[in-house]
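The chain below stands alone and is given in structure tokens; this is the form predicted alone.
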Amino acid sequence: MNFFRHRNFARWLRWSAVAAGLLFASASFAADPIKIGQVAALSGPSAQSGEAMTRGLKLAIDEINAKGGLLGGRKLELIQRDDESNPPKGLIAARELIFKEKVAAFFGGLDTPVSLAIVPVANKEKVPFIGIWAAGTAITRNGANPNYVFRVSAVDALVDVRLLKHAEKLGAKKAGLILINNPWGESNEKGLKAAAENNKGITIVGVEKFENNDVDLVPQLTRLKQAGADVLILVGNAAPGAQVMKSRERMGWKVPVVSHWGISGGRFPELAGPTAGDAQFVQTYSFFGEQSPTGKKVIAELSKKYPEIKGPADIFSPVGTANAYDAMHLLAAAIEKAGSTDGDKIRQALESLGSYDGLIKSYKQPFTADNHDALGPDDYVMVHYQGNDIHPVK
């Protein structure tokens, strides 16, 4: 009798252990974080823009986690990889996030060539990829069906229309294009020419290209001047964009400069020198001026999290922070709507999200199956540098 009691007790212990293990496993699964990836320039000349995007993502993630996370209590975890503004490194980083880290979705960084390198693998592996800076038109308009690439940022085809209209507003009639010699420059050359065809008030009189490491652009600018250009349309990042301004200054040419936003992604005022403020460029958001309740909250949270931020002037590369903040909240809403971290379900949820009162604007339906860009030309503002600060153009 004692033997049977002992055997039954042992059996009970084993079943108890199994049950406890199942309960523990279930609790652990519920608590597993949802991994969110980020591929960005976290080192090198564009590291400041990478940090700005990181701040926007982390700010939104902290808010979401403080409210209990997603999908019944799962917290968000940001996994980062540095692309060093290099397309092959960006592709390797994306593959690591997808295959090794098993991210539910991931965000892209500054450079159009890097983003274009990532697009095919995101679509093939069915993992949502959300751009939060790079503006190359083909990033989201990539021909894939279904398309897993979304964007909360500017779009070259729409920015180019705005740049020419602003140049015309400054009194220009003959635009000279000075463009970085890479896919981003090519995207804007195509977009600017298309915009000029629909704008009879301004024509393009010349197109010149430059490389990322060029330090003397006087020959290119001289040809544009000889062609009669009365405005320069600049497309390039901070370092080469600064060389354009310095070459213009050496020539003594006071021609207006209207620029894409690449010059806001680094140390442009320091590199360009005293004429940095002459360049007027596009942004999706400004922390200066009257702010919405969300804007006031974001500035306050940034100041609390980063003590060096005393006000709007201290928020560097502001579009990186603003775009990333809204994009993270939109992704979180999609994960909740999908009820899953499955990539295809998140894609479908992104395409059918309802309204969201964000930082940049109040989104009615940020994405559709046919349009994966949440921002349009009405969401762009023109700004310029005053010292190191970015202020709206009056």
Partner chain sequence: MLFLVPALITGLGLGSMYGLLALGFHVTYAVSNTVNFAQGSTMMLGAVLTFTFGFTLGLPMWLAIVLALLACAAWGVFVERIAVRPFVARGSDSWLMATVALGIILDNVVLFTFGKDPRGMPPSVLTSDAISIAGVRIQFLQILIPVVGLSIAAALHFVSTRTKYGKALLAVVQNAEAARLMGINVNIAIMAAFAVSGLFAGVAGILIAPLFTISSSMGTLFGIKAFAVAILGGISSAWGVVIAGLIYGVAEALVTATIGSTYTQIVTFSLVIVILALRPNGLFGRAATKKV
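Predicted model only: the values in this text are computed from it and were never measured. Numbering follows the first chain given and starts at 1.
One more form of this protein should be noted, the form predicted in complex with its partner chain, which is absent from this view; the next part is about it.
Novice: Considering its partner chain in the predicted complex, find the one stretch among 159-167, 285-293, 262-270, 318-326 with heavy atoms no farther than 4.5 Å from it.
Specialist: In short, 262-270.
Novice: Looking at 251, 71, 255, 194, which has any heavy atom no more than 4.5 Å from its partner chain in the predicted complex?
Specialist: Among 251, 71, 255, 194, a heavy atom within 4.5 Å of its partner chain in the predicted complex occurs only for 251.
Novice: Exactly one of 346, 47, 61, 330 has a non-hydrogen atom within 4.5 Å of its partner chain in the predicted complex; which residue is it?
Specialist: Flagged contact: 47.
Novice: Is residue 173 close enough to touch its partner chain in the predicted complex, meaning at least one heavy atom pair within 4.5 Å?
Specialist: Although its partner chain is absent here, residue 173 would stay clear of it in the predicted complex, with no heavy atoms inside 4.5 Å.
Novice: Taking 4.5 angstroms as the cut-off for heavy atoms, does residue 307 touch its partner chain in the predicted complex?
Specialist: Residue-level check for residue 307: no, no contact with its partner chain.
Novice: Classify residue 208 as contacting or not contacting its partner chain in the predicted complex by the rule of any non-hydrogen atom within 4.5 angstroms, answering yes or no.
Specialist: Residue-level check for residue 208: yes, a contact with its partner chain.
Novice: Can you tell me whether residue 214 touches its partner chain? I mean in the predicted complex, with a 4.5 angstroms heavy atom cut-off.
Specialist: Yes - in the predicted complex, heavy atoms of residue 214 and its partner chain come within 4.5 Å of each other.
Novice: Residue 388 and residue 289: do their C-alpha atoms lie closer or farther in the predicted complex than in the form you see, with a change of 3 Å or more?
Specialist: Compared with this form, residue 388 and residue 289 lie closer in the predicted complex.
Novice: Look at the CA atoms of residue 238 and residue 288: state whether they lie closer or farther apart in the predicted complex than in this form, given a difference of 3 Å or more.
Specialist: Relative to the displayed form, residue 238 and residue 288 draw closer in the predicted complex - a change of at least 3 Å between their C-alphas.
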